[in-house]
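Only one chain is shown below, in structure tokens, and it's the form predicted alone.
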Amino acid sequence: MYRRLMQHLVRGTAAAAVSAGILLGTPALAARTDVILGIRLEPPHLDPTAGAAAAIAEIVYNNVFQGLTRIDRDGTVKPSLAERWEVSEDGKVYTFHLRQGVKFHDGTTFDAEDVKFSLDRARAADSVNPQKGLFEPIDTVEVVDPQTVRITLKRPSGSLPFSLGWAAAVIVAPESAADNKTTPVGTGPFKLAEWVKGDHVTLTRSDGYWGEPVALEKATFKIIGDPTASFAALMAGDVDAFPIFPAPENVPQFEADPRFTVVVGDTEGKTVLAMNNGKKPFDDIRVRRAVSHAVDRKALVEGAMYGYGKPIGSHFAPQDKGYVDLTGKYPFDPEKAKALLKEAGAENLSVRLVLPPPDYARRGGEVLAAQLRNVGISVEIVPMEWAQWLSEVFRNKNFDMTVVSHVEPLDLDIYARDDYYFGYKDPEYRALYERFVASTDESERLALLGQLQEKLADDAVNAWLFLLPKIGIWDARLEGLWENTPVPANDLTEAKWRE
């Protein structure tokens, strides 16, 4: 209440000051230079090179840490710490020319040695990088001179500049890398000011930033785990924005309120009902196909997401180039599901459905459990916090089924990995993916993308559900926030208040 009262007083004072300014010829009050953003989940730490949680990148990507390249708001690859690069005719050698005058937040100089350190660290045998597979094509990283790096690949890859724009590929310094989980040191326009566990993370503007200065002096990421509290915080003005608003049922109220901007955009979040292909009964394709036929995507999107979310039929976002619509591959057909279960000898199936914290998973899990029970599958719902989910499901594969949204762009590589959590191991798929990675011909790459999507759908690796929407709600005077999230990020480099 106090904050709301003070906001009204400040707004009234500001209006009076503007009027006085017009009458007396004095300047009006300047625009705000701080922002408070609501976030649903607290990150486990702040080092994107050491953790898979999207909550990490949603605070630090392109704000604190930067890579050689970056993924822009429209999904395109742009120069970042590398101002330009060239590719050899055989597609195996990339030469990156680095920006000069760049420093890390602790004052150490950024140069080619930092690039070599970061990439060698990411692909090392003992690497804990969550996207280690991205760096597998790299054969050598050479320092040509302080401003030039040469990366030689084992085979041609047209994807390298895109891969180097991921949060897991940001450049870190050997002097500070070990402590980046708690005290991140990057080259971005913001630096860490404080992290009050369970409450907020605050970034402040880095005055020594090499690029164009940002408008904001301070950005606070306020952790609000409850959807009802998220609604109340926005309405009361306790937060200025919720870039990914967790309560779709409240969207109409914000749309009707002129104080707010509501933008419903796309993410790369392929939401799946993941099945453990490495253990019974999901090592049987008939069981996986039965589950796929048991799922009513339309009812799921309506029941769990209040109509927000695009159905998908494979592991690919509909807005991305190369998308193939496979949503008709497994139409909702409970009788077909029952017949497949009977054929597989799995009529009295009992499974554990593990649900991580996001609302799409918890709400969606309840709907999915009812749909599975409708075809004779007994479901035990097991809620887990992220740390437990990452340990039990992601690392130890101790699960039957789980609901999760894979938010990384064009991440078909996860199905070609040796030890990924859902245990899919198919030589035909791996051969197709290797052809895709090696190809530099655009038409061939698009054709292979289609074949990869179809192969995953044919094998019913997971039950494909919907594309996670990005429901952004913020103060109508705030500009420059991303409408879509082609990568997990809340990039604040263009955020500002209207004067």
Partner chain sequence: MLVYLAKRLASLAATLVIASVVIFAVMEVLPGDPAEIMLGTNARPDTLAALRADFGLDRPAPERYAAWVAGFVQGDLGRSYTYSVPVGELVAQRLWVSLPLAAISLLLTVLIAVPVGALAAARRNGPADVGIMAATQVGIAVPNFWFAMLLVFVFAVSLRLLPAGGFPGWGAGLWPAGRSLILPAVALALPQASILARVMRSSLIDALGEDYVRTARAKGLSRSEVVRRHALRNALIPVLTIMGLQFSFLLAGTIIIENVFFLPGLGRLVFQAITQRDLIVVKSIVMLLVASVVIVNFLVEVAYAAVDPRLRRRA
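In this text, all values refer to a predicted model and were calculated from it rather than measured experimentally. Between two forms, the rigid core is defined as the largest C-alpha subset superposing within 1.5 Å. Numbering follows the first chain given and starts at 1.
Heads up, the form predicted in complex with its partner chain isn't pictured, but that's what we're talking about next.
Within this chain, residue 299 is remote from the site of its partner chain in the predicted bound form, having no heavy atom within 4.5 Å. In the predicted bound form, residue 140 stays away from its partner chain, with no heavy atom inside 4.5 Å. Residue contact check for residue 181: one or more of its heavy atoms lie within 4.5 Å of its partner chain in the predicted bound form.
Proximity of residue 469 to its partner chain in the predicted bound form: non-hydrogen atoms within 4.5 Å are absent; the residue sits far from the partner. Highlighted residues 92, 283 and 435: none comes within 4.5 Å of its partner chain in the predicted bound form, counting any heavy atom. The stretch in contact with its partner chain in the predicted bound form, judged by heavy atoms within 4.5 Å, is 127 to 135, chosen from 367 to 375, 185 to 193, 127 to 135, 327 to 335. Contact annotation: of the candidates 211, 318, 383, 225, the single residue with a non-hydrogen atom within 4.5 angstroms of its partner chain in the predicted bound form is 225. With the partner omitted here, the residue from 232, 263, 144, 339 that has a non-hydrogen atom within 4.5 angstroms of its partner chain in the predicted bound form is 232. Once the rigid core is overlaid between this form and the one not shown, residue 178 does not reach a Cα shift of 2 Å, moving by less than that. A movement of the C-alpha atom of residue 78 falling short of 2 angstroms is seen between this form and the one not shown when the two forms are aligned on their rigid core.
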